[in-house]
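Okay, here we've got a single chain as structure tokens, the form predicted on its own, with questions on binding and movement later.
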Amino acid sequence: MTYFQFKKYIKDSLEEVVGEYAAYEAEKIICHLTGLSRTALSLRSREEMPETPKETENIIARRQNGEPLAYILGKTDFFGLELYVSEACLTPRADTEVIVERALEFLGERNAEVLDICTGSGCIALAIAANSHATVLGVDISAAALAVAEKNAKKCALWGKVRFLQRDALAADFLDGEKYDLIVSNPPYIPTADIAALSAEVHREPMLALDGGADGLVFYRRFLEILPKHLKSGGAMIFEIGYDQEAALRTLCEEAGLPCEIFRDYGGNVRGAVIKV
């Protein structure tokens, strides 16, 4: 079997589950199994494989059963970083990279202090730290997620530029007197009633990272109430939001007397908000 045939076999096996992403995932699986880069795999596409890796069928079966590929492989890519992931945290998604882009655009070359709330795997915090002069504090309610984030900080050689603490964003004593140049967050924002209809794959991820309360806006209300006083002069907040939450967030910002700029991801979907004080 050639590498090309092997890729086609995996792609065909996954097509019903992941649709248009089957070829991409097949490539990632082969690179994981063989240790080859995507470039090396492409160059060897017509070569015979020495053997079919024993893990292949197990990986295919797990993926067909709806388990996220990142959990199966134990890693994923985000903003140029290879990150460890587990079922303790949400899988970093490419769409979230626009949050990092907006953060970096706002920070420029400043030696800024950044707070990342609901940090999960640490993907946003680490991407900002790796590509700016900022130091970042990532906070999350989940000790298991923070263990993943700390492992990633060490893996990416960013320990020192980033640190992590366990904190409940909805608690009365969430923050003391700290102030930041920028606060970012990809909080839970899916309405509770909508969670049942999510895909089997999403149901494998921690509900704690998905459930945004009855209308999906619990965290945003809390953030707009307490976070402005924790921003330095000229500071900003950048949040990821749901594709259908633009009007609701604009209303919340108007009620709080705060300007709100909504931006989209590369797929054209509403993805985030920049709120300045």
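Residue positions are given as counts along the sequence shown, with the first one as 1. Worth saying up front: this structure is predicted, and the values here are computed from it rather than measured.
We do not show the form predicted in complex with a small molecule, though everything after this point is about it.
- Residues of just one listed stretch (160-168, 86-94, 73-81, 121-129) have heavy atoms within 4.5 Å of the small molecule in the predicted complex: 86-94.
- By the criterion of a heavy atom within 4.5 Å, Tyr189 is counted among the residues contacting the small molecule in the predicted complex.
- Using a 4.5 Å cutoff between non-hydrogen atoms, Val202 counts as a contact of the small molecule in the predicted complex.
- Ala209 belongs to the set of residues with a heavy atom inside 4.5 Å of the small molecule in the predicted complex.
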